[in-house]
Ligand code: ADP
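Presented as structure tokens, the chain that follows is alone, the form predicted on its own.
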Amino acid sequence: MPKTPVPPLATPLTELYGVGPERAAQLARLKLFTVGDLLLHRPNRHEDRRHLLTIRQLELGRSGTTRGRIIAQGVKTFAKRTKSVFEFVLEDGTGRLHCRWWNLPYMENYFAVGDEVMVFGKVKSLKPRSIDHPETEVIDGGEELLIHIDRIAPIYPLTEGLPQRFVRGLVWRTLARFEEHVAEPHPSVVLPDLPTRANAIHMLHFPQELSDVDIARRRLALDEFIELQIAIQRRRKNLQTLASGLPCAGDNRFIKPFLRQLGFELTEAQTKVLRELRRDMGGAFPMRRLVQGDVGSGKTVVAACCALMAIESGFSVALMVPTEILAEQHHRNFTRWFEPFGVAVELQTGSRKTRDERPSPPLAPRPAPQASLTIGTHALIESGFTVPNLGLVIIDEQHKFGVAQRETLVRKGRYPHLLVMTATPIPRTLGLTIYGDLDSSIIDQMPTGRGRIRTFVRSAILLPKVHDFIRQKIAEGRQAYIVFPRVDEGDAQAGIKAVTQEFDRLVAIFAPSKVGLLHGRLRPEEKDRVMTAFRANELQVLLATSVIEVGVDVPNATVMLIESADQFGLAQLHQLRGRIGRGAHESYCILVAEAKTDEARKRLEILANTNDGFEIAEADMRLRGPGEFLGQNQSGMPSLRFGDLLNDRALIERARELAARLV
């Protein structure tokens, strides 16, 4: 049988001139196996070698590129031969430059006296003029010299033993041979303001001007975003092709009396979102909707109404939350709300399963399954758990779960509706990518009658005054949270307090008021006992870790003191702050930190200056990057070589429109 021809860009690098087994192994460490991989090997930066500095022109404390000939080199050892420095001296006719590498004696093998060398780095001293650990490149001369000198040269990520000039020469030769085979991924897409894909790849490696590099990056990033958006939109289209929406819009027989018994009016924002949810749940396709609302905006009531729509329609509901504390709280609230309508509310966590607590009499006939609500943690996605007639899945605090976990729960039913809720607002770029397969609603209004929250940043030296202030608020009948980043001494870094370590001291400070302790290592029944006592104001101060970050709702708690606040992320601090300001009284969040870095200071200042969760989320993502912002659980992060989720919003929106036409 004739062999199927290999597409040109799939040609293995081992078939290229100069790539033997050793070089192939080095390239493989960089995940470069084919011509296509090599052409998309993005340079770390570019060096303008059209205007090299002489050695004499190199200035103290500034980075520069120069070239010269090695006139001396060698390794010196000291401290009983435990430390070393390799050094060569470069000369160009205007001066001498000492280049040094500390404790890397093998560097001697890469250079020889008489070599012509290009050097880039920051000048550390002028007497003698020297650079530590510079980037270097030995100039061999010959016909390839024009690739490396007197041009804007790409500087690539490397691996041990792989020289910069080898990679640059390999890319140059590969472009010359294969550039004509770089096709447009979607020929029908016209991009008059951007180069072709082939031109963009050429400009990425060997630009005429430094500004070409960003033009090339933007074109290649747009290609990535188009592929991502096509995958998202196809997934959505497949769902709509395969599945019909379950009729879950309800008939109001529970919702109307439920809203009457609440004792307060829904905000316009809540009502608008509920209309969107009802439309989706009565629509032709399964609902896939993300509801964002800042801490305290009333998402739980919206979730309750949505659950009642499904239950009125004869379908069961599963609500997944990230912590047992929040699951217990929701179970308590939903039971109180739904009991008057005869709706069963079950709890399913690692430590408690209410179904098991009520065994049926052995001979009793099995009742027909009734629509119910099951609230649980990750226990809901375990293989042994099932929900008969599942019509709606609600995921609270989505950022605490991965995409795969969400899908596992949805598969417990036959294309149930999905409502995803988060109080950590999603920056717009992530909303278009990670959550691009979900429709989006925003509850952008707070319920009336909430006291405002004031935020202050204080240094540890002022803690006695902060404690006095908390005592004053307790005397007025209020309660306080004091949050620490660590559970016990074993977790604590130097100077960072742990909650168990501080307990006895704070019991003494706040006596005769009662102080409780809450952290993730307590047994579930102990956590429940502490939270019940705090809700009942039997405890006036609750010492806790970030375990209280989501969902805990005690309207009488009006002070939140966060110690070592610089140890928390911005979104997490905002979530913690959301535990106060839930009643009518003015509330106070006090961030105590010795912010030693500019970034730590900026984070705390942002929080002190705004209560707007969307503004905070954007700032948090800028400071920490999208991967850190989403956390380790979030497995939906796209792998991007050229796209930038922080700064490419306009490209992502353009890709979304183009993908919609293609799909």
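All residue numbers are counted from 1 along the displayed sequence. Treat the numbers as computed from the prediction; the structure is a model and nothing was measured.
If you look for the form predicted together with adenosine-5'-diphosphate (ADP), you will not find it shown, but the lines that follow are about it.
K.L.:
Spell out, yes or no, whether the shortest heavy atom distance between S564 and adenosine-5'-diphosphate (ADP) in the predicted bound form is within 4.5 Å.
P.N.:
Taking the distances in the predicted bound form, the answer for S564 is no, it never comes within 4.5 Å of adenosine-5'-diphosphate (ADP).
K.L.:
Does any part of T267 reach within 4.5 Å of adenosine-5'-diphosphate (ADP) in the predicted bound form? Heavy atoms only, please.
P.N.:
Taking the distances in the predicted bound form, the answer for T267 is yes, it comes within 4.5 Å of adenosine-5'-diphosphate (ADP).
K.L.:
Do T300 and adenosine-5'-diphosphate (ADP) come within 4.5 Å of each other in the predicted bound form, heavy atoms counted?
P.N.:
Flag for T300 set to yes.
K.L.:
Taking heavy atoms only, is R450 within 4.5 angstroms of adenosine-5'-diphosphate (ADP) in the predicted bound form?
P.N.:
Contact with adenosine-5'-diphosphate (ADP), yes.
K.L.:
Pick from L97, A480, V295, I590: which residue has any heavy atom within 4.5 angstroms of adenosine-5'-diphosphate (ADP) in the predicted bound form?
P.N.:
Flagged contact: V295.
K.L.:
So which of E91, D140, D439, D553 gets a non-hydrogen atom within 4.5 Å of adenosine-5'-diphosphate (ADP) in the predicted bound form?
P.N.:
Comparing distances to adenosine-5'-diphosphate (ADP) in the predicted bound form, the residue within 4.5 Å is D553.
K.L.:
Pick from 370-378, 257-265, 198-206, 152-160: which stretch has non-hydrogen atoms within 4.5 Å of adenosine-5'-diphosphate (ADP) in the predicted bound form?
P.N.:
It is 257-265 that comes within 4.5 Å of the partner.
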